[in-house]
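Form predicted on its own, single chain, as structure tokens, below.
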């Protein structure tokens, strides 16, 4: 994905605000197993195959950048970090198998999770192994409604995204909104909450469609939306199907506004929809290095290391590693319960979304969503 930068350096030090103590020292022991010595093993589940495979490298590289930076400063209290990555493929079965591999590999903390529906079955697997989970991307309320003490979200919630969407749609003056989801936990959570928000603000929801991901023909849903006379459509699924919907909506003669949720913010959406069709499509998106004031230095560092621009959730994955390291430092060990307690007590650690403090539900106490818009081949800030 390519995004245009906001162009301010106001928070230039933010990405370097690591508070981890670098004590140096060599390490000779692996499989720390919850003690206070040896390598601190982090595990990540992210899509490396499947329809969202473009996201995996962004998250993996963001996490690896943090691991390398921390290790270069001596690690955490002298302990180096390692990162093991497994495929989740946005598929529950694949994700569960990947989680089992990570548990077998002896990871201390999970720093992955992209698709909510794929992340959900991993909660019990990591929970039974007493492994804390810092989820950088998946954000369905279902992830925290189970009230597992070891689960923490580093992405803004579906509630916060729905609030941003409802506010923007109302301000746009829509007379009738159609909501379209893909039946996944992530997507339906956002549409449900957006529908509630729109009704509370007096905006009429004239149609709500649920489609099946992976299909190539969405004419049934599109015809229903057109018949409803909606003048604003909000798609809350992923970019593969989002691109097809936009292409087919335009071909069917739809002239109104279109907005997509963060799972569709990728350059591939524009490629699939066609550049002409995608122009002016809005998006709700958590802040990225390219849209965060002062993010330029971090972007340059990422590009130097990996030879490409960071993408969606690179920063959240980077921050997940930093937060995990900070929690181990505070806990003084990798014991799962001690790390979980340390995570609950973190207050003010600077991460990309601002000073970190978790709510009682283990979500971010504040989560900002920007409104982006497609211009040429890019998603840029809507001004």
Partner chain sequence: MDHFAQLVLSGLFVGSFYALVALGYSMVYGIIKLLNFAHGDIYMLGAFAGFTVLSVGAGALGGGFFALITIMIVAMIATGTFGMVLERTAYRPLRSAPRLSVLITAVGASFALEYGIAVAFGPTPEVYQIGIHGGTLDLAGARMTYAQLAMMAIAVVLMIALDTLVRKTRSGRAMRAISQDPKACLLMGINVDRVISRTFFLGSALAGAAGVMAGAYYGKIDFLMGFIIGLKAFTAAVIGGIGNLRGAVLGAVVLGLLESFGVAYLGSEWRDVFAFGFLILFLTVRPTGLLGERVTERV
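Numbering follows the first chain given and starts at 1. Here the structure is a predicted model, which means the values were calculated and not measured.
One more form of this protein should be noted, the form predicted in complex with its partner chain, which is absent from this view; the next part is about it.
Exercise. Sort through 151, 169, 81, 272 and report the residue having a heavy atom within 4.5 Å of its partner chain in the predicted bound form.
Key: None of the others qualify; the residue that does is 272.
Quiz item: Pick from 130, 73, 192, 268: which residue has any heavy atom within 4.5 angstroms of its partner chain in the predicted bound form?
Solution: Contact check passes for 268.
Practice problem: Specify the contacting stretch among 105 to 113, 250 to 258, 195 to 203, 92 to 100, defined as having any heavy atom within 4.5 Å of its partner chain in the predicted bound form. | Solution: Contact-bearing stretch, as computed: 250 to 258.
Quiz prompt | Non-hydrogen atom contact residue 50 with its partner chain in the predicted bound form at 4.5 angstroms | solution = Judged by the heavy-atom cut-off of 4.5 Å, residue 50 is in contact with its partner chain in the predicted bound form.
Quiz item: For residue 291, is any heavy atom within 4.5 Å of its partner chain in the predicted bound form, or not?
Solution: Looking in the predicted bound form, residue contacts with its partner chain do not include residue 291, since no heavy atom lies within 4.5 Å.
Exercise. May I ask you to check whether residue 209 falls inside a 4.5 Å heavy atom distance of its partner chain in the predicted bound form?
Key: Although its partner chain is absent here, residue 209 would touch it in the predicted bound form, with heavy atoms inside 4.5 Å.
Quiz item: Would residue 240 count as touching its partner chain in the predicted bound form under a 4.5 Å heavy atom rule?
Solution: Heavy-atom contact with its partner chain at 4.5 Å: present for residue 240.
Self-check item: Check all three, 344, 348 and 361, heavy atom within 4.5 Å of its partner chain in the predicted bound form
Solution: No, none of the three is in contact.
Quiz item: Looking at its partner chain in the predicted bound form, which residues in 199 to 231 have at least one heavy atom within 4.5 Å of it?
Solution: The stretch touches the partner through 209, 210, 211, 212, 213, 214, 215, 216, 217, 219, 220, 221, 223, 227.
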